[in-house]
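In C-alpha cells, the next block holds one chain alone, the form predicted on its own.
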C-alpha cells in the first residue's frame, strides 16, 4: 500500500509538472486587427515552442476596457496600446515594468523614438510601429486636387461618400484642427465646438471603420475620408488610384507600443516575444507587410528601397508640417467620450 501511495504521488507530481510546463509554453497577445504578419507568429512559435494565442481589438478604448476587467487568470501577456494610452494605463497601475536587461535588441531602436514623455526611459513600453492618420482619396472618382486639407471633407459633393476611422481621438483631431485648435485640446468649450463642427460633417460620412479602413475604398463604398497611412499603403498595392494625403492642418501622429499588463500570466514569455520583435530582420518583415513605419533604425536600413522611399509609409519633413503626436488628455477624456457618444448617437 505504501508503494502504491508513493507511485500515485509520483504520478500526480508528474502530471502537475506536465501541466505547468504546458502552461509555461503559452503567450497571450492582444493586438490591433491585421497588425502582425502570421509568418512572424509562426517563426516565434517554431523557434521557442511557445504557442501564441492571439486576439484583436479595433480601438484603444476597447483594449483598455477589457484589460481593466480581466484578472490574472484570463489576462494577456502582451498588448499594443497607442502613445496616449500607455501614459494613461501606466498612471493607473495597469502595466508591469519592462526589464530592458532582457531585451538585447532594444539597442536597435531609433533614439528619436524612445524615452518619450508618455513613458520616460521606456519603463513600461517598447515601440512597435508608428504612423499617421491622414486623408485617402480614390482618384478614379475624385480629382486629386479636390482634397488638400481636413476642411475639404465638409464639401457637399462628398455627401454620404466619406470614411472615418472609428476612433474618438482621431475624429476629434479633425474637428479641432479645422477650428485651429490642437488635436490634444482639453478645453471643454473647444471640444464642444469641435463636436458641433463634426455634427455638420455627419451627412457626408457613410461609414466608421477601424477594423480594415482600406476596405470601404477598395470596395467602392467610399471615395474619400480618413485612413491610417499603413492601410493606405496596402490599399495602393491593390488599387494605385488610392492616394494618401497629408492634410495642411496636420496629420495625427501615433506610435503603437508593446506593453506587459500587470495581470500578465507569462511575463518571461512576454519578454522573449518583445525581444524577438525587436530583431532588425523581423522589424523589416513587419514594416514591409503591414505598411507602417518601423521604429527600429536597423530594420529601416534593411527595407527595400521601394518601401523606404515611399512617402505614405516614411514621410519627409514637409509632410509632417503641423503634425501632432497624440498625448494623454487626462480627465478631459470624459468630455471627449460624452461628445463622441452624442456624435455617434446622432447618426442612428
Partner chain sequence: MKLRAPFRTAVVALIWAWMLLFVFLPNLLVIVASFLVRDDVHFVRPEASLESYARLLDPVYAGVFLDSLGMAVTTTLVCLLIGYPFAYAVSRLPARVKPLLIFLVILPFWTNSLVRTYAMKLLLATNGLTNQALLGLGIVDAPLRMLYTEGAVIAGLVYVLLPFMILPLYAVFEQLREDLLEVSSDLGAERWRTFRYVVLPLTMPGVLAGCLLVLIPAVGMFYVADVLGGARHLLIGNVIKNQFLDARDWPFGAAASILLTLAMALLLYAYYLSARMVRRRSADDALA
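Numbering follows the first chain given and starts at 1. This one's a predicted model, so the numbers in the text were calculated from it and none came from an experiment.
Although it is not shown, the form predicted together with the partner chain is what the next lines describe.
### Query
Between the options 92, 192, 268, 157, which residue brings a heavy atom to within 4.5 Å of the partner chain in the model of the complex?
Of the listed residues, the single hit is 92.
### Message
I need to confirm a contact call. Of 178, 142, 234, 205, which residue comes within 4.5 Å of the partner chain in the model of the complex, counting heavy atoms only?
### Response
The residue from 178, 142, 234, 205 that makes the contact is 205.
### Query
Taking 4.5 angstroms as the cut-off for heavy atoms, does residue 318 touch the partner chain in the model of the complex?
Looking in the model of the complex, residue contacts with the partner chain do not include residue 318, since no heavy atom lies within 4.5 Å.
### Message
At 4.5 Å between heavy atoms, is residue 337 in contact with the partner chain in the model of the complex?
### Response
Residue 337 belongs to the contact set for the partner chain.
### Message
When the contact criterion is heavy atoms within 4.5 Å, does residue 197 count as touching the partner chain in the model of the complex?
### Response
No.
### Task
Considering only heavy atoms, tell me if residue 223 and the partner chain come within 4.5 Å of each other in the model of the complex.
Yes, contact at 4.5 Å.
### Task
Would you point out which of 42 to 50, 60 to 68, 297 to 305, 281 to 289 contains residues with a non-hydrogen atom within 4.5 Å of the partner chain in the model of the complex?
It is 60 to 68 that comes within 4.5 Å of the partner.
### Query
161, 211 and 345: each with a heavy atom within 4.5 Å of the partner chain in the model of the complex?
Answer is yes for this spot.
### Task
Note that the partner chain is not shown here; using its position in the model of the complex, name the residues of 78 to 95 with a heavy atom within 4.5 Å of it, in sequence order.
Those in contact are 85, 88, 92.
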